[in-house]
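Encoded as structure tokens, the following chain is the form predicted alone, with no partner shown.
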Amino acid sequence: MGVTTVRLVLGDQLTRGLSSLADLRPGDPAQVVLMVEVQEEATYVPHHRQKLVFILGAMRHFAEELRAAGVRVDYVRLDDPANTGTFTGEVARAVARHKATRLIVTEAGEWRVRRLIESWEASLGIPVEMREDNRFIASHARFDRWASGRKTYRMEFFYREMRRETGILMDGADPVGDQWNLDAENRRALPSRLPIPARSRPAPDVMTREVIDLVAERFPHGFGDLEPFGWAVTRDEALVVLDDFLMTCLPSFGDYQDAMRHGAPFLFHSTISPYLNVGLLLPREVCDAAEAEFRAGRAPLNAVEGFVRQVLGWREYVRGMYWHLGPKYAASNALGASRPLPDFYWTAQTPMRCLADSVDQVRRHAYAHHIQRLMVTGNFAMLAGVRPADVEAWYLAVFADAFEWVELPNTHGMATWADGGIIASKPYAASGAYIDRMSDYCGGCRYDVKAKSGPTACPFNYLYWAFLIRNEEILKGNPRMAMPYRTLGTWNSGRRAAVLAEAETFLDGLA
């Protein structure tokens, strides 16, 4: 019997319960699962080389797991001489190769790939069934019911509905501890002598080593170190990482989730976002696992609620907003930012220690936690007036967990405030004082975080006030910006001009 159905599994769909595989019968010779490594996906942004190894390695391991379960898998490798390098080309080749009469695929996570899938029925001449991604807690329809008709889209209100519907961290109709959000208890600075736990990072096996060699050969000048590579590439490995976080880090995660320390890239963070975003772990299971730690008395509520809020609240929210707002969302530029991205985002060559350390960490690990992303690299880009599209392309390229549905709302809405307040009610702008309070970066920096102006002053200080002056007409009416604008209101024109001039001189020097 020939193949009648091809089921395409994309590189971020590595879940046995995936909707496109739901009715797959192992051993059925009339069905084949297609997986393809294509050049267009590896190069549409200059991906970190560890990100490429992680995704390709996870894909190859997932294909082997399907084969071991009796599933017929057609896998096209990146270095296959016949590989066309595109999704459309490889799907067309597979349909012809198997004489398929139907294609089934779970919807893509990005508008760009969704448009490709929607074009295939006409170009292939066979029915294409696109199924909804069933790995999220809130479906598209569920999120749209919440979002439709609203004047503002505050995550907190969506998060509370998700808590009520799922029962996670609930005591009947009330939140555990009678508080929905314990963010105020998640902002402690890290004591200098607090030991940081060693983390479980899987060693690459033979298959992953082959991928490392492939990426080294094909992308010799790509961004990011290949070694040491410590990302999980199977579900079993990802579960070990999750268990390690729950046992060793979750109890302290709540207190120190906003803290930063030189030379400590992971601190108490879970590092599981890449595994959630490619499907090796599922959001409900990780929330349930964290809640079980609280119920058993092994982790405090502020830690577990903070973790659950990131997964059940923020992750589900940004995915919903990405699809609800549509592809035009990325075009806005509310603050008129127009500078190019500084080179040090790629080289880490800057005397600003917080930025140098954060970018170097990204180069080494394809990872930075949310405060490094928002309040160091994102904050600087916003204060400097860097073009949102440049910032977004960088974030999409350099992080192992970056896919557009999660990267774009975070970067466009939070890091750069390019959407004018759709995602975040105010710009997350801060001077050097915030970084000094939450990290040890300033102690070893060439610049003086206490100085407000002059050649030794921390650039974040005058960039912050210059940002407020430049954008005063847009931001001064924002109630959450009232305090700094009251301060700015006491400044005379000469002081304003001096700050703007100092900021412009510094920024022009970056080029």
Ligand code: DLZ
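Numbers for residues come from their place in the sequence shown, where the first is 1. All figures in this text were calculated on a predicted structure; none of them were measured in a lab.
If you look for the form predicted together with this ligand, you will not find it shown, but the lines that follow are about it.
In terms of contact with this ligand in the model of the complex, the residue from F403, Y345, F143, F223 that brings a heavy atom within 4.5 Å is F403. Just one of E237, E90, D419, E110 comes within 4.5 Å of this ligand in the model of the complex, counting any heavy atom, and that one is E110. When contacts are defined as a non-hydrogen atom within 4.5 Å, all of E37, E41 and H47 contact this ligand in the model of the complex.
Note on the interface: of 53-61, 475-483, 23-31, 66-74, the segment with non-hydrogen atoms within 4.5 angstroms of this ligand in the model of the complex is 53-61. Shown alone here, D12 lies within 4.5 Å of this ligand in the model of the complex, counting heavy atoms only.
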